[in-house]
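Just one chain is shown here, as structure tokens, and it is the form predicted alone.
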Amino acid sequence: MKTAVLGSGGWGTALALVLLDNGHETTLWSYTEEKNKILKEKRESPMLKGVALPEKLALTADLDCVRDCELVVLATPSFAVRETAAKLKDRLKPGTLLVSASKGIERGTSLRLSEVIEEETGGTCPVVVLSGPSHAEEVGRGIPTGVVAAGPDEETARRVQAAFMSRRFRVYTTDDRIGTEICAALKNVIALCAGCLDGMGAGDNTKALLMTRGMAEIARLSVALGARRETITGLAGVGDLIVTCCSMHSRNRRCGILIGRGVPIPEAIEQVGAVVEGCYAAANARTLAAKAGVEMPIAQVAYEVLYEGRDVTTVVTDLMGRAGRSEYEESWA
């Protein structure tokens, strides 16, 4: 199968290697010729140190690489998805499988990224969402990983499953794109908060409380928007939340640690040295919660810290001081 991966960051590069290892003709596209040149010269991504890029992996900065492809992966940062998808419309043949591997919600429209891609490509190509607990640093090294392919229908999802599935990269299928994408975006907000707790020196009890109640918030919003409950407890939900909140591979957690230690937010983002999707997702979570009429206190205080200058040290006390309630009150509705 002829394939292309758009976005040569760590995640895009790792997915290109998975496709290549599965015997597909694969091209990795970079946004700039400068970045493409570095990859060609070093045959290694700066985001995946020590992982060699085989000579048979084609490298380019020319978007015409998608022409005649049977499968195209979009793995750009969330803010670049619309721009990239718009440039594909006249280059794709109808029916090309499009795989959305970016995690986030579009700021300003609050659209899921699969919706953005469909909007810009005219709906002539099916869009499948690939998500789950999958740090690029581990996928690139062939460490066993499991993800979910969420398609508009099971048959389309199975086609993506077949393209990516291997003994080191296990793919499950679902037709719940809503739940898969909401979980993928909002777990980054909870991971930022988890990092803040680590940075402030909070204990394991506090972090477990945050993760569990954060998952309840994600579930509440997801179900209100039409997701399946089963998705929340699967790889795209609980699985991705665990790995993002607990691993130092997580940019969101690392950024949160710095914020929790008192580093100013712009400086914390700069020190991470890559896109921190949770910062975008916090604003979108607030907007979506208001539209859906659901309560998300953790996401709300995350927004206040990130965008309104609230002191992070006051947040835990305020959340702990909320009125008592049943654990299951409004957990799923």
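Start at 1 with the first residue shown and count on from there. Bear in mind that the values here come from a model prediction, so they are computed numbers and not experimental data.
One more form of this protein, predicted together with a small molecule, exists but is not displayed; see below.
Asks: Quick one: is Arg177 in contact with the small molecule in the predicted bound form, heavy atoms, 4.5 Å cut-off?
Replies: So Arg177 does not count as contacting the small molecule.
Asks: Does the small molecule come within 4.5 Å of any heavy atom of Thr96 in the predicted bound form?
Replies: Taking the distances in the predicted bound form, the answer for Thr96 is no, it never comes within 4.5 Å of the small molecule.
Asks: With the partner left out of view, is Ser222 within 4.5 angstroms of the small molecule in the predicted bound form by any non-hydrogen atom?
Replies: No, no contact at 4.5 Å.
Asks: Residue-level question: is Ala136 within 4.5 Å of the small molecule in the predicted bound form, judged on heavy atoms?
Replies: Ala136 belongs to the contact set for the small molecule.
Asks: Is it true that Glu154, Arg170 and Gly239, all three, sit within 4.5 Å of the small molecule in the predicted bound form, judged by heavy atoms?
Replies: Heavy-atom distance to the small molecule in the predicted bound form: none of the three under 4.5 Å.
Asks: Quick check on this chain: which one of Ile182, Leu192, Ala150, Ala75 has a heavy atom within 4.5 Å of the small molecule in the predicted bound form?
Replies: Selected residue: Ala75.
Asks: The small molecule isn't shown here, but in the predicted bound form which of Val301, Ala61, Leu57, Met47 has a heavy atom within 4.5 Å of it?
Replies: Residue within 4.5 Å of the partner: Met47.
Asks: Among 282-290, 63-71, 302-310, 269-277, which stretch has residues whose heavy atoms lie within 4.5 Å of the small molecule in the predicted bound form?
Replies: Result for this chain: 269-277.
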